[in-house]
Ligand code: RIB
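First, one chain by itself in structure tokens, the form predicted alone.
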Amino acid sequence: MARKIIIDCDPGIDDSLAIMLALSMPDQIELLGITIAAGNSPVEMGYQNALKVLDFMGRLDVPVFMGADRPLRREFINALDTHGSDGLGESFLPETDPAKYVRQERSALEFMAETLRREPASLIALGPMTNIAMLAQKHPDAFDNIEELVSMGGSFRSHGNCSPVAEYNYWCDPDAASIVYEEMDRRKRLISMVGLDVTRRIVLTPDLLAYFKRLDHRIGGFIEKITGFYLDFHWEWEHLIGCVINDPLAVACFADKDLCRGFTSYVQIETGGISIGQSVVDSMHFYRHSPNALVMTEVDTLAFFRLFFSSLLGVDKSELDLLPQLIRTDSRTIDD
């Protein structure tokens, strides 16, 4: 039976791929709505990018809601240097025809609160957790109805991607991330931290893109169009042939609990100073504090790409006979 989810995101190239994956798994996921926060792109741009992806997927029935346009306290710093001036790899896709969708009047916060009060659902957070922190502060009864909270964010042993120690989503709004982890701790709940330790193993290479296009030129061509800028960025800054697609792994881990493994720990998010945004993982149980997170440290890369390809293409995993060869030869990352 499909589980009900809300995706909170900041599209963003990899956010877009994650939305595509979620929509391609109807047996596991029922997407109730998409909420947008400022992050990779400004909130209005993220809103329009979500609509572009939904339009491509033929799913403009999924409502999109604009949320926070800035972090709770710190200055907003976007990631358009990574995602391109349009937030979608400078693909410059046309704006979605307003006649094809209903522009929502409710805010992301209102939608989350009303939906969660009506029925329990899970949240998959793919961007800064500003909207979710505001939900915890202003609507704690609705926050209590979150069945599962998965966050693409943070890192344990892997280095950061916007500072030596910090992953972008938590660095962009560290106060929000800190509030959410504290609220989960207060409720004795676990947040699934799908951080850079595992997402850096999910590298979309030119060979994988070519294979995708051979199997489905339409979908593969769309992915190629929005990831070209991303590939160039990774080569320039990390000398990586391919691009790390972080966010789809969070969706995949939600749907398939065997994809990632980790350990439970108490986690705090640094909100100031040189280490702002760092996820401080008490792996040695120094504080003797009960855990508030499941910190993912291992991922089955081949199993992920089998899920990603088979879901988006609508084919059986057994038909993807070239994937083991492509993953084995091309999935190295800068941590290797």
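Predicted model only: the values in this text are computed from it and were never measured. The first residue of the sequence shown is number 1, and the count goes up from there.
Another form exists, predicted together with the named molecule; not displayed. Remarks below refer to it.
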Query raised in the report: Can we say Asp14, Met152 and Asn161 each have a non-hydrogen atom within 4.5 Å of the named molecule in the model of the complex?
Result: yes
Query raised in the report: Which of Thr227, Ser265, Asn246, Ser192 has a heavy atom within 4.5 Å of the named molecule in the model of the complex?
Result: Asn246
Report task. Tell me, out of Ser279, Asn49, Asn40, Thr35, which residue has a non-hydrogen atom within 4.5 angstroms of the named molecule in the model of the complex. Result -> Asn40
Query raised in the report: in the model of the complex, does Asn169 have a heavy atom within 4.5 Å of the named molecule?
Result: yes
Report task. Tell me, yes or no, whether Met112 is in contact with the named molecule in the model of the complex, where a contact means a heavy atom of each within 4.5 Å. Result -> no
Query raised in the report: Would Leu126 sit within 4.5 Å of the named molecule in the model of the complex, counting heavy atoms only?
Result: yes
**Report entry** Partner-facing stretch of 70 to 78, 246 to 254, 183 to 191, 233 to 241, counted where any non-hydrogen atom is within 4.5 angstroms of the named molecule in the model of the complex
**Finding:** 246 to 254
Report task. Residue by residue through 67 to 101, tell me which have a non-hydrogen atom within 4.5 angstroms of the named molecule in the model of the complex. Result -> His83
